[in-house]
Every structure is written in structure tokens, then in C-alpha cells.
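Below sits a lone chain in C-alpha cells, taken as the form predicted alone.
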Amino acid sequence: MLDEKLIVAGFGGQGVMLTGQLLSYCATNKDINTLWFPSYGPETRGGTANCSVTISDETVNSPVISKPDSLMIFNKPSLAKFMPKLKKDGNLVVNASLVKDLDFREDVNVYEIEANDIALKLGNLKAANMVMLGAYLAITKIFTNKEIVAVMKEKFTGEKAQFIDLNKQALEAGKKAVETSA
């Protein structure tokens, strides 16, 4: 049975909301129940931002996630806020470019992804969220990169369409980062 509860968290401007939206759109395209719930700090860019994404075979009745199955963490403040909530044996996907030298919980699966560094090698720091998403997809196998790219092709219109190829490369790089660290 599919019932994934994910929190994506970081600073505004890191692509946190887009990451969650892509997962929800993908679920919708596959006729799977989903709920995307954004939460912003007082500022947009640079302030805190997180979103909750539930993807389930069952009806999703609440946007509130008290014990997430997975966390996708883009910065240290988000790690401090959400790591205690992660369920035992949950997946913690961390942007290790920004979150360094920390003690992680022993009872969860930690995946340290150098997302910013990988994105810079691809030529655009803004692709770090897609590196993180690619890693998350490789870990959970909830959707394929191809399914996410199909959503991008549908949703990224006008000026944003030029970033589809870069995002596709970033998804693959995130997947590779997980495969090589295993």
C-alpha cells in the first residue's frame, strides 16, 4: 500500500515548493491521492519555507504531517526543526553542501547529498532542488525521473521550458549520488 508522507524544507528561493508540487502533480497524473500543503516564513526568498506532501492510495484527509516517512532537508535550521519528527527508520535526505558536521539520529536512514556542489558542476545552483528530488526518487522509488520530467514538460511553459534539460540532468545526478553512496 502506498502512503508516503514527506516534508520538504529549506530557505525560500531554494525550490522547496516546486519540489513538493512536482511530486503532487506526478501523483495526480497517475490518479493517486495527494495533498501538497505549503508553509512560508515571514519572508519569501531567504526566509524559511517548507511543504508537506502526502501521496496515498487512501483518501488524504489532513494536510498535517506529525510523523513524516521522509524528510528532504535543504538547510540546517530545517534539520533542527524537522529531524525530531521523522519516524523511526524514515528517510532523511540532506543537502550536505549546506548541512555539515552534524550528528544525525541513529534510528533513521540518512542520505547526505552534495546537492549544491552537484548543481554547480551542472552549471546552475538553482538545480540543487532537482538533485535532491532525484536522490529522493532513487531512495523511495515512488516515481521515476521520467514521470517527473513529463510533469515538467507539462507545467514548465514559456521562459521556464529552457530549464527542463538541466533539471533532467540534475535528477539523474541526484540518483547517481545515491547509487554511488550505497
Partner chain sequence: MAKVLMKGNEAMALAAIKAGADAFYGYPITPQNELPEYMSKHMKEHGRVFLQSESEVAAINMIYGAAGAGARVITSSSSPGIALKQEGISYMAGAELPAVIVNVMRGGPGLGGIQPSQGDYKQITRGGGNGDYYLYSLAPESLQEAVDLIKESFDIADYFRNPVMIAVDGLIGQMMEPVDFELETPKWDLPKKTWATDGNQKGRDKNIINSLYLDPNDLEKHDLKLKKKYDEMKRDHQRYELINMDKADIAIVAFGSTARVCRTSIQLLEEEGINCGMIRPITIYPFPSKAFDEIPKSVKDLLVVEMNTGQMIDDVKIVNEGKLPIHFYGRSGGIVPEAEEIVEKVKEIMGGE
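Everything numeric in this text was worked out from a predicted model, so none of it was measured. Residue numbers count along the first chain shown, from 1.
This next part talks about the form predicted in complex with its partner chain, which is not shown.
Comment: 66-74 is the region of 66-74, 142-150, 116-124, 129-137 lying near its partner chain in the predicted complex, near meaning a non-hydrogen atom within 4.5 Å. Tyr25 belongs to the set of residues with a heavy atom inside 4.5 Å of its partner chain in the predicted complex. For Ser56, no non-hydrogen atom is located within 4.5 Å of its partner chain in the predicted complex, even though that partner is not displayed. When contacts are judged by a 4.5 Å heavy atom cut-off, Thr48 does not count as touching its partner chain in the predicted complex. For Phe37, a non-hydrogen atom is located within 4.5 Å of its partner chain in the predicted complex, even though that partner is not displayed. Contacts between 49-64 and its partner chain, taken as any heavy atom within 4.5 Å in the predicted complex, involve Val60, Asn61, Ser62, Pro63, Val64.
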